[in-house]
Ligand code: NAP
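Take a look at this one chain, the form predicted on its own, written out in structure tokens.
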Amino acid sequence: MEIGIVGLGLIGGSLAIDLRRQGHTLVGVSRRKETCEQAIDREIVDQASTNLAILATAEVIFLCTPLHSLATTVDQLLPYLDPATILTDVGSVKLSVVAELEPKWPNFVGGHPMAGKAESGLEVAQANLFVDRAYVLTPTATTPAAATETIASLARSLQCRVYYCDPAEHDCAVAWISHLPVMISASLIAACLNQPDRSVLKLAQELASSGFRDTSRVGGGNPELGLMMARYNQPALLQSLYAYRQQLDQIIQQIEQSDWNTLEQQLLQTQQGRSQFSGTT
């Protein structure tokens, strides 16, 4: 199969590496000529160009651009697409994306491979990034079943766990387990950096180890991704932030009042509850 990748960053590059190793022909598009040359030199793709016309014969095209440029990218792609070409995206927000892109191209399947790294760019693209990761598909009542199955089959070939859900349900769910953690983690880093005693801050920076590393990782990632989460999933993210603030206020009150029994019970509940979330055991 000939597969196109628009956006040769971490996700697009990693998809290309794995799919090409399976024998597919990979054609990449990037805004920067240097990225195209790098993708060819590393044998991540068979061909690459800054011109979308190179995708005219692609059977499936993965749109791996930032959320804000997806619609423009599809508009620019339309003159080159065969009616049978399947478009799919990899964005972490689905409701607005599906609503905007589905009318432009009926053969569109909303998708979200839930894998990534703190770093961004083709330089950090790697093989097997998606192994045992969730890959969410959000077909609607008008999405062609054959197109959905094609993307699902490709996702399974990456050894992903494929899930199907409504776009709005997807956005509510990822607000809790993906977008909220980014905002919490970023707030943690900001709070530490605002420590007024410079000597205490310096000591904290020197002592920081695995606990701080784990909780600060997603907040120290690509700022553009965090901004797009907030901008395009605003209602669901705000709901989760309000709920988190309520929980934080409760803990503050328990500590202020030296209510150690209640705090202990809450920590026992969270200890037991954590295992209910896939991948956290």
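The first residue of the sequence shown is number 1, and the count goes up from there. Values in this document were obtained by computation on a predicted structure and should not be read as measured data.
FYI, the form predicted in complex with the named molecule isn't displayed, but the following is about it.
The partner is not drawn, yet in the predicted complex one stretch among 208-216, 65-73, 241-249, 39-47 has residues with heavy atoms inside 4.5 Å of the named molecule: 65-73. In the predicted complex, none of the heavy atoms of residue 19 sits within 4.5 Å of a heavy atom of the named molecule. Residue 167 falls outside the set of residues with a heavy atom inside 4.5 Å of the named molecule in the predicted complex.
Taking the partner from elsewhere, residue 7 is found to have a heavy atom lying within 4.5 Å of the named molecule in the predicted complex.
The closest heavy atom approach of residue 121 to the named molecule in the predicted complex falls within 4.5 Å.
Applying a 4.5 Å heavy atom cutoff to the named molecule in the predicted complex picks out no residue from 157-195.
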